[in-house]
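Shown next as structure tokens: one chain only, the form predicted on its own.
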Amino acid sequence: MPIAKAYSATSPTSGLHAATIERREPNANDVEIEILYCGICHSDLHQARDEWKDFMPTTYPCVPGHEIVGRVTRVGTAVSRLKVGDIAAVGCMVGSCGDCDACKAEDEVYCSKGATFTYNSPESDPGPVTLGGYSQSIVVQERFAFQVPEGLDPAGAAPLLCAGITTYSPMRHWGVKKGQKVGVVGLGGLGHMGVKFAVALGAEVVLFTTSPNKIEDAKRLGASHVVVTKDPDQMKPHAWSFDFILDTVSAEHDINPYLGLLKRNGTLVLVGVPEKPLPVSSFQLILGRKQIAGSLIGGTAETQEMLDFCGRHGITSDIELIPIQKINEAFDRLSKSDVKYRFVIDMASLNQD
């Protein structure tokens, strides 16, 4: 089997260090991709440190990374969409059953038998779990590889495969469109993409933040208004005015004030994952026939649609490019939200080890 350089964690406290891993030979439906850039998602930090052990324990060694952009180097005999030399992307999934209703609808992330995720997910070939994008190469089914539109910066495109699709999918599913009023709660890796997508879809966008120092950046990204939520008086003028609110915050917080901002039939969608359950006021829901919903990433069809949308509108993530040798420093900074707004690894730096 081909050997690839990688960075892996060997325990919750080990940090990430240089290693080598095995990759399978491409099968008929597979593509092999030389990884050029890999975004750093907050879930990478959680998984490497086994902070989700109660519901998604980490198997070591763990090679994180599911925001992958690279160059196709080999294709299987049955591959039809991609060819050697293409710039391609891989996101959070690399497999699913293919037979359930979700899979047949190309909504594989909701596969009834469970999707196979890009890392730390059970797999029989070549090892016990999948190994992710902090590595030189990856081999995946063509179905789970995507074409990156020409003209998009490949480094800035990498976070689109998680932060991008996570915020695009709910807006697409709930039909965000021109003329609507959309709120985005939190301005981080997810939130800044939510603002960009809502603006590109033609909505009037309001950013909610606890940090006054994010006002200028939110307006730069296209927000029409910024509400500092620590000041209740700033919330009051927006009561009963929103068609859709996207909540990207993973820290514990009160969602009930946002329910009070929704119009009749309005929707609050959670894409952040707070550790503890969030209390909900039933009165806030029933008095306006409002709804709370959740959304993960998107399926294969929606992911390609999102990338094509980004190509047409020139949308990429705001990134800080780092060599892989600074991964542990980046994890520490990420834990303090010290990045605007996504770290991306230049995988060429692997060759320096």
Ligand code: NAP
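Numbering starts at 1 and follows the sequence shown. Whichever C-alpha set is largest while still superposing within 1.5 Å between the two forms counts as the rigid core. In this text the structure is predicted, and so the values were computed from the model without any measurement.
There is another form of this protein, the form predicted in complex with the ligand, and it is not shown here; the text below is about that form.
Within 4.5 Å of the ligand in the predicted complex, a heavy atom is found for all three of 186, 189 and 209. Listed stretches are 131-139, 144-152, 268-276, 76-84; the contact stretch with the ligand in the predicted complex is 268-276, by a heavy atom cutoff of 4.5 Å. Proximity to the ligand in the predicted complex, defined as a heavy atom within 4.5 Å, singles out one entry of 231, 99, 252, 216, which is 252. Shown without its partner, this chain lists 43, 58, 304, 316 as candidates; in the predicted complex, only 43 has a non-hydrogen atom within 4.5 angstroms of the ligand. Contact check for residue 297: a heavy atom falls within 4.5 Å of the ligand in the predicted complex.
None of the heavy atoms of residue 19 is located within 4.5 Å of the ligand in the predicted complex. Although the partner is absent here, residue 10 lies well away from the ligand in the predicted complex, with no heavy atom inside 4.5 Å. Although the partner is absent here, residue 160 sits far enough away that none of its heavy atoms falls within 4.5 Å of the ligand in the predicted complex. With the core held fixed between the shown form and the other one, residue 274 has its Cα displaced by at least 2 Å. Core-superposed comparison between the shown form and the other one: the CA of residue 113 stays below a 2 Å shift.
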